[in-house]
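Before any questions on binding or motion, here is one chain by itself as structure tokens, the form predicted alone.
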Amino acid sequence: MNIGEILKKLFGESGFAGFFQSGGWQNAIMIVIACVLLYFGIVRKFEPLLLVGIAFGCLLVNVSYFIGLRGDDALYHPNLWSAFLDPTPGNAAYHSYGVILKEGGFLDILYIGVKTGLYPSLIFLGVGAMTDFGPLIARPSSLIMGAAAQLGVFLAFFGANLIGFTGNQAASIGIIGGADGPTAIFLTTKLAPELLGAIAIAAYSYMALIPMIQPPIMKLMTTKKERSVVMTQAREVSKTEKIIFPIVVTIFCVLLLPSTAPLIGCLMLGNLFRECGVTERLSDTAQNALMNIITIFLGISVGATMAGSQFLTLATIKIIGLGLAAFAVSTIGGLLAGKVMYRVSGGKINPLIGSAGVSAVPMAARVSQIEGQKANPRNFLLMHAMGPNVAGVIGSAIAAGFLLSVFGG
């Protein structure tokens, strides 16, 4: 065997030969996209804690296509998950995690935590431990703005239905309007797992772009006089109220929509850890160590669903467009509720805080603060905006629970 034949054999057995296999170009494009997402996460700091993990998961799953296995992924196996979802009688892999554990790769095993809803729920546990519900308790009317900011969820749902998506897919696309990444992932894995990569990227991208997307809408929807309103300090919330609140919300929401139990239950448990005064160590773990570990697992697992053959479709472009529309309409819905509250209160509530009802804690509240100070330097809206912001988290979970109850079978 001469040198040329040896080099040819080595190349044929290497991953680089995969670029010339059928469909290899799709994975090559996804590698480029993964690098672009890494740039946005690292250099532009767009939701870096999750986007870097998602981008690297995307990189891993598409590089693994080229390891010489003739199209079979070493780390993630879409064929196993297709069999997992196939209800054909006699299909041994149908809803069998045992098959995944036995035959799956590293990313397949991590993805089980996404598919079961474990990771999004534990993320909510950390969010609850980090969040002060005091502003919402002090001003319960914030719930109206949080609810109104879910408007984009349902308009996007109907829009997705009109352009050909199934009910399950439309519900998963619509929840992007809630601007809550874990909720979007939780619902999509239950209803339309084939769209998870595109929906996760859309949800987290728009959350990162809140400082760019929301201000023009806020200026268009409000007057200078409304934006200049200085809100008075809300009443002080007692420790007892803060302890009772997560318990009452859990009972009410779970009894109303049992499918919200994983998200609402973990959110409220995390907040109870924070407020009860006897579980400081648990609260600290939920906020830091656990949150960081689950964020790593969640990001890599979601990125694993972005294989070239699944992601590079016309449906992805439609999802990105619908997600932007959902997010914009949700912002408008929150602002409209804010304007109503402005009128009802006799001009004492600044309608800008309604835009924070889209969830995305606490970035949306910070945008309300920034825009309020531009209109009036004496404006300090951050804590006031946290009320609708927290209400938006609860509202998006309830919206997801409703859609899951309707379409989850």
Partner chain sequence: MNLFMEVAASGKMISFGENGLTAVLGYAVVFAGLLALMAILYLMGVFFKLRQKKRSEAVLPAALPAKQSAPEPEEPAGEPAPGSAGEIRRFDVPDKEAAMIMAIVADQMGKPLNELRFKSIKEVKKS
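Positions refer to the first chain, counted from 1. These figures come from a predicted structure and were not determined experimentally.
There is also a form predicted together with its partner chain; it is not shown, and the following applies to it.
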Open item on the list: With the distance limit set at 4.5 angstroms and only heavy atoms considered, check whether Leu257, Ala307 and Gln310 all reach its partner chain in the model of the complex.
Closed with: yes
Open item on the list: So, Ile244 and its partner chain: in the model of the complex, are they within 4.5 Å at any heavy atom pair?
Closed with: yes
Open item on the list: Would you classify Arg227 as touching its partner chain in the model of the complex, given a 4.5 Å non-hydrogen atom cut-off?
Closed with: no
Task: its partner chain contact in the model of the complex: Arg235, any heavy atom under 4.5 Å - done: yes
Task: its partner chain contact in the model of the complex: Pro262, any heavy atom under 4.5 Å - done: no
- [ ] Report the stretch among 193 to 201, 179 to 187, 118 to 126, 284 to 292 that approaches its partner chain in the model of the complex to within 4.5 Å, counting heavy atoms only.
- [x] 193 to 201
- [ ] At a 4.5 angstroms cut-off on non-hydrogen atoms, which residues of 98 to 133 are near its partner chain in the model of the complex? List them in order.
- [x] none
